[in-house]
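Only one chain is included here, represented as structure tokens and corresponding to the form predicted on its own.
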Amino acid sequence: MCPLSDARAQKSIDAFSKIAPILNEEPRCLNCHGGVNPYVDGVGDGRTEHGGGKTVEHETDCNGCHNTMAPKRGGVEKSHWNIPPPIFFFLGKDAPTLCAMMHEEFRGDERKFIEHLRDDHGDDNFVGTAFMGNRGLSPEDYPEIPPQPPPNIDGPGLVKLGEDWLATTDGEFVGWDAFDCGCKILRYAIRVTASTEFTKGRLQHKSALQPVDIPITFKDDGTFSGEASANFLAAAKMAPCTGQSTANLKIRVSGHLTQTYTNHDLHFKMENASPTVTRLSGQCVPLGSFGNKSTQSEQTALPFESDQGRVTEKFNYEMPEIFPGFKSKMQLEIVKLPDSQK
């Protein structure tokens, strides 16, 4: 799960929205990350044509042309031109996808993301070369290609955008393996099902709670809560009588979730948030039918905990056998709500 409130998630989304256009629109970034395909003739795959013509993959030394890059950190060692693998292409990716891509790549070492924006964390300095605007080409060899650095931002400005984005989630990516946490608004529910059986002599009783989703809402501190109505349906028989009943109540869940790269910890409880209203009707052949209504106010709280807090995680609870023939069990499951239910 993603333990961000809607407000914090929106702050993260807004901050990354200033970074995304630099990645997927600015030629100095996009062309290196999938925008140019040097292995085809002309323009292919919706990419910009490679000015140097078609090259032979894995055989062409790109540094024969791209030999004037910004030096590595320290200014001594020379940077070498290369192309990232397709998994790091930005072409065709929207802001939420790019955001999740950064989360997956830099989770657990978020400062490395900032260092990448600064100067490729000291490796081949493509970022510095991008702000030089020369595509790594020598002006003596290619006087017809003028430098074209990004027009609306400089290196320190890009780093500042990265710092601002990280600050929205206190300097680290949260959500553990929910890589889109902070990239879009995400919401969840606790799904509850239950069943009870009781058999004693000629008496047989069964009740069931069909799946009920209890939507939960996170606060800024990682706590969450939610409520939903639940309806139990029951049937019983003991010749010559049969009966049906419904039990209606509100169920509340509340708890706390921590989901960082090094710490994932979930604690929550489920309790009835209203009196249980039971309606009973029955028939005894040939005696006739009967019905009544009763209210039960007893409150019960059941605790649950986990070191995961993952979507699809299940929690099973079996009631103690309070008397022979009684069996009652409940299952809770963490589910992600579809976009239409946000």
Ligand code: HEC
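The first residue of the shown sequence is 1; numbering continues from there. Owing to the predicted nature of the structure, the values given are computational and were not obtained by experimental measurement.
Separately, the form predicted in complex with the named molecule exists; it is not shown, and the next lines address it.
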Worksheet item: Is there a non-hydrogen atom of residue 303 within 4.5 angstroms of a non-hydrogen atom of the named molecule in the predicted complex?
Response: no
Worksheet item: Contact between residue 218 and the named molecule in the predicted complex at 4.5 Å, heavy atoms?
Response: no
Item to complete: Give a yes/no on whether residue 184 approaches the named molecule to within 4.5 Å in the predicted complex, heavy atoms considered.
Response: no
Worksheet item: Can any non-hydrogen atom of residue 307 be found within 4.5 angstroms of the named molecule in the predicted complex?
Response: no
Worksheet item: Among 186 to 194, 134 to 142, 246 to 254, 163 to 171, which stretch has residues with heavy atoms no more than 4.5 Å from the named molecule in the predicted complex?
Response: 134 to 142
Fill in: Listed residue (62, 280, 40, 273) with a non-hydrogen atom within 4.5 angstroms of the named molecule in the predicted complex
62
Practice prompt. Counting non-hydrogen atoms within 4.5 angstroms of the named molecule in the predicted complex, say which of 206, 116, 72, 267 makes the cut.
Written response: 116
Worksheet item: Would you say all of 32, 36 and 120 touch the named molecule in the predicted complex, counting a heavy atom within 4.5 Å as a touch?
Response: yes
Item to complete: Could you run down 82 to 98 and flag each residue that has a heavy atom within 4.5 Å of the named molecule in the predicted complex?
Response: 82, 83, 84, 88, 90
